[in-house]
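This document starts with one chain, in the form predicted alone, laid out as structure tokens.
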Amino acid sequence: MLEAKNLMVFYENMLALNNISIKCDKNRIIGIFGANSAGKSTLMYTLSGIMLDIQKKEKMAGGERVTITGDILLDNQNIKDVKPSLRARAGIILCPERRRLFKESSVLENLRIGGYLATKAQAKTTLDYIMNMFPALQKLRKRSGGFLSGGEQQMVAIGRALMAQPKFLLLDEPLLGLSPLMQATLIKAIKAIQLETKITIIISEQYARPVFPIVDYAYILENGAAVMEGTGGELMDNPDVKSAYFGVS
């Protein structure tokens, strides 16, 4: 289990996360929903450890002071101060917002870069799995990342994260800027990946409507705080959620 307890993140005098507690049980899809600037990416960066790097860089540059309090537990072990590289080795892998591919590198090179934690056998098996999951990438293997569409880039980004052999896959706004058809394609793939690999997937998303049907449990953030939680079905039936995310009252 990956769990956050009373997690708080401050940027100087701005509160980015406000006393958030969430549980991410194994073999489930957990949703983190909220509007822009609700704290979703900050939560994902904090769970993956990237926030520690941000904190260190800001301190060295004399920039904003970043403060992190609370606990992050992986199988009941507190990893709040564990470096992101060690969290990755423990299976916590972040697929960041806006894909962030190596634009000069080919699709195949981007995927192989993600396999630095995998054995040769794992890398081969996972690469074959990715090409079967996203058959559109087969003919794009040699194309540079910078010449892919947004949807193609997101397929590569998810594939690159899978190459790292995650136990907990953190998908930060994977639907951002994509067409409804591509969103539906990715949602179907994400559900299939979870069912077939038994990876725990934590997906943060502003465009929550297409994601609700596949989540087992979800949290809704507002101004850095978790204001609501429940199963996907419970939240879809909640009138406040319907009004905010489905445009009905």
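Just count from 1 along the sequence shown to find any residue number. Just so it is clear, the model here is predicted, and its values are computed rather than measured.
This protein has a second form, the form predicted in complex with a small molecule, left out of what is shown; the following refers to that one.
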**OP:** Heavy atom within 4.5 Å of the small molecule in the model of the complex: which of Gln183, Thr197, Gln55, Ser41 fits that? Just give me the one.
**Re:** Ser41
Original post:
in the model of the complex, do Asp25, Asp216 and Thr231 all put a heavy atom within 4.5 Å of the small molecule?
Top reply: no
Original post:
Does Glu152 reach the small molecule in the model of the complex, with heavy atoms at most 4.5 Å apart?
Top reply: no
**OP:** Determine whether any heavy atom of Ala35 comes within 4.5 Å of a heavy atom of the small molecule in the model of the complex, and answer yes or no.
**Re:** yes
Original post:
Does any heavy atom of Thr67 come within 4.5 Å of a heavy atom of the small molecule in the model of the complex?
Top reply: no
Original post:
With the cut-off set at 4.5 Å between non-hydrogen atoms, does Met236 touch the small molecule in the model of the complex?
Top reply: no
